[in-house]
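One chain comes next, on its own, written as structure tokens: the form predicted alone.
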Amino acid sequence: MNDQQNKHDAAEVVVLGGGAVGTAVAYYLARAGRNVALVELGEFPWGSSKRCDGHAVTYDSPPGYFSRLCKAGLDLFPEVAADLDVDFDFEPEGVGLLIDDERDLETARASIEGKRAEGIEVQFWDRAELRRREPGVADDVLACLNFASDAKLNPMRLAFGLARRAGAYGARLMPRTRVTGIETRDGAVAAVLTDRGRIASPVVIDACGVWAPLIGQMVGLTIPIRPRQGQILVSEKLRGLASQSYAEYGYLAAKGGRKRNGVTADMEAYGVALVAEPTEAGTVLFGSSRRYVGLDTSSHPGVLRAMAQRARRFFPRLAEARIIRCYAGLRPATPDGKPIISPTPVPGFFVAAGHEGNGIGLSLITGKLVAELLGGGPTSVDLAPLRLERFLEPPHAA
């Protein structure tokens, strides 16, 4: 990789954060010919992108603006995969939403046409069809909404490949570099200060995920992002358990913090809902959970137990399977669950963070939108619902 010891002290744009979002922003800017420096405290990738499953999906939002944004993000992956020299295992094999509550059937059916109108390929499998396709699913699961174009990928290889290609397009890659401050002049961004020197630049992109608020404080901004912990279980090799990834329909309620029926008190308290992702190695990743515990990435036995119980409810065979590993990561969460892709009241300071569990799937569209935003022309997606000012009181004030 292009790992220079800050030979140059200036850049047109400095991107802070080397996860999937930050590397995507650097990639699109460098591809457009911008002089970019990409700064990361650790390696490429780091942070949330190193501790998550890898999905680019449309299943986890109702028809509407955010669903269309996810679809726009998903559509970019084949083009970018062809441009990178790192295979990040992009596989549009589909993701199914398993329905085990009759009260959800009507809502699920009603969403199909809305999703199809957005160009999203979705199918309804009744119980017989689901059993034919997935004999390992519990007999009393009623149906499945299958999102045939939703995909899985390797998030670490994605971020590494984006950084590497950004470097090939001319970006300066600066891993193992700590940001110590942001210098302003007449209220506008003037330079980024690091432990490897000063980088003069009129534009800074804060793509630091759960650490974005710390960067915002350097210019006097409050960025309302909190780390939301999620844990993952990894099974032993379980060939034939499932042919693709699945989530339960109740995942949509858990994601929004809504009450659900048929779950234990621990599942409710920890925001536990099934997500299952078979890997190429034959193991299966299981989630999910949602807790606000600061920057804690340690595993919690009670959360893991509730996740395992929920997974067995949908895949009974797991009762005899062994868990070989577990880990936790942090999602950058905003109060309304949508990312911030936005200029700010500080001229030259932009935010591209707060994607929570959709950071991998929205990484490429975020990079493209930031490049368009800096280009001064119209953006391919309306950014009004994602602007930072929706959280500022009074509007436009830090």
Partner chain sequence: MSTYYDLCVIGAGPAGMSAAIRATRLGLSTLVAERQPGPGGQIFRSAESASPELLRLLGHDCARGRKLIRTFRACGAEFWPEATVWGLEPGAVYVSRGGRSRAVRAGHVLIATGAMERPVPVPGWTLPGVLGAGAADVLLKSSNLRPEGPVVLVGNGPLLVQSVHHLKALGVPVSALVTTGSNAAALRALPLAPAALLRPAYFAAKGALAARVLLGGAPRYSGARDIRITGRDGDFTVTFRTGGRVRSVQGATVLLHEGVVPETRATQLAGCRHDWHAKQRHWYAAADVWGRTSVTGVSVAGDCAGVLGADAAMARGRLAALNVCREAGRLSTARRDALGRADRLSLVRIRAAQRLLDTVFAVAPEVLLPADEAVVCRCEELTAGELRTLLAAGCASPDGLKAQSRAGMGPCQGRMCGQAVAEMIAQASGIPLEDLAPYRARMPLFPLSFDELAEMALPPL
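What you see is a predicted model; the values in this text were computed from it and never measured. Positions refer to the first chain, counted from 1.
The next section is about a form of this same protein that is not shown, the form predicted together with its partner chain.
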item	value
Listed range touching its partner chain, judged in the predicted bound form by heavy atoms within 4.5 Å, from 143-151, 121-129, 71-79, 232-240	232-240
Contact residue in the predicted bound form, chosen from Tyr59, Phe350, Trp46, Phe66 - any heavy atom within 4.5 Å of its partner chain	Trp46
Listed residue that, although its partner chain is not shown, lies within 4.5 Å of it in the predicted bound form (heavy atoms), from Arg322, Arg103, Arg258, Arg109	Arg322
Within 4.5 Å of its partner chain in the predicted bound form, all of Ser289, Thr334 and Leu392 (non-hydrogen atom)	no
Partner proximity in the predicted bound form: Phe160 to its partner chain, non-hydrogen atom cutoff 4.5 Å	yes
Contact of Ser298 with its partner chain in the predicted bound form (heavy atom, 4.5 Å)	yes
Any non-hydrogen atom of Tyr169 within 4.5 angstroms of its partner chain in the predicted bound form	no
4.5 angstroms heavy atom contact with its partner chain in the predicted bound form for Gly302	yes
In the predicted bound form, residues of 324-340 near its partner chain [heavy atom within 4.5 Å]	Ile324, Arg325, Cys326, Tyr327, Ala328
